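One protein chain, two forms: both are listed below as structure tokens, the first as structure 1 and the second as structure 2.
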Structure 1
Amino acid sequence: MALSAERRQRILDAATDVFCQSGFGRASMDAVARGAGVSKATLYNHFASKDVLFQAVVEQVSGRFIAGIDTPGRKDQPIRQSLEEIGREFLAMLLDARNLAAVRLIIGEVQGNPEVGQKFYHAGPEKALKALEAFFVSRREAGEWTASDPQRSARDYVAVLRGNLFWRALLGLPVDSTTVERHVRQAVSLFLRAHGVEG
């Protein structure tokens, strides 16, 4: 007999797969139960309804969007190189097939349930923005960044980083990895030129 916590996690993982693959509307609780290897009664013992299960899936998924911004060991690099590293990690995370599927799932439910999208934004992307803001603050204190508003710097950089690539990826257009690498370098260059850093 599996422990209850393990079972709950198995159900949650199966639900994430099913919801991301089919969307909330098409996803069936039968498919979730089958994927988790439990009966529907057990499923409903852990999650009272399909909506509750969906909420739990979104909460779990949000955590994947806070990755790889303020990793250590960047203090000794020129800011261009740091921004490129951050950009590569950030964009790889955004373009990961599983994360793209999760974002599509959430966006698809926003119209009928705006709170889902708002919770996701606050639990995921917004925290990544805060981390990037902290990066610009520390670089400003080190005298390597002169822009006065780190929050705006963070916002602008992620916006340039997403660029048109993320928009295309969201809509299902193919994205190859060499394009991503070129995109990151061009994004950093655009962002730095806008702040008076030539290269």
Structure 2
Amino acid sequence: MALSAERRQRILDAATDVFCQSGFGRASMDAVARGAGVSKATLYNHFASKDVLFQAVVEQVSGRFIAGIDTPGRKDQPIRQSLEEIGREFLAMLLDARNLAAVRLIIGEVQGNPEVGQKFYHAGPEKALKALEAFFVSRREAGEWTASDPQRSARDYVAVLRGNLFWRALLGLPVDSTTVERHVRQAVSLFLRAHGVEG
């Protein structure tokens, strides 16, 4: 039987909480099932293992960002406007309290279990970079972006967006919305100037 969208979301929310509270190694499928209000059999019917469930949690986070990049109508926007909107969505995802807790979890787990870090990277950051790369490819095909390496453009943009905000948030230091907005605008201006675009 197919899993309803509502029940799937309950499971993913419960899994995120359990992973962040207990760590990947100590998290149990029993705890996730209890938190989601489903039977353990139902959980395993749709997520065959803890690894599969963890990947689904990470893909949900990255999926929100990827969907934001692919928003209909964005192709008709000036590139500066598109990059600013993408930047706000990226930082909203990156600085979200639950997502930061997940990153702290990964950092804590990766020394003893390197595969956790690899799975996180492939399911999350790597997919987001590929979505950004596709954005720059489409803008280059439209004649609005002249840099020859869209992959490098994607990496550079993510790096300038993260700036010091990510580390501040990761370490529990305050980051307010005014600071984020100012940072996005400055990051986009810096990025465009570095690529010879005034957009």
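Because the structure is a prediction, the values reported are computed rather than measured. Counting starts at 1 and follows the sequence of structure 1. Between two forms, the rigid core is the largest collection of C-alphas that superpose within 1.5 Å.
* Structure identified as the form predicted in complex with the DNA -> Answer is structure 1, the other one does not fit.
Next on the checklist: Superposing on the rigid core, is the Cα displacement of Ile11 between the two structures 2 Å or more?
Outcome noted: Yes, Ile11 moves 2 Å or more.
Examine Phe191 after superposing the rigid core and state whether its CA is displaced by 2 Å or more between the two structures. Shift at Phe191: below 2 Å after core fit.
Ser22 C-alpha shift between the two structures of 2 Å or more, rigid core reference: Yes, its C-alpha moves 2 Å or more.
**Per-residue Cα shift, Lys40, between the two structures [Å; core superposed]** = Here Lys40 registers a C-alpha shift of 10.8 Å.
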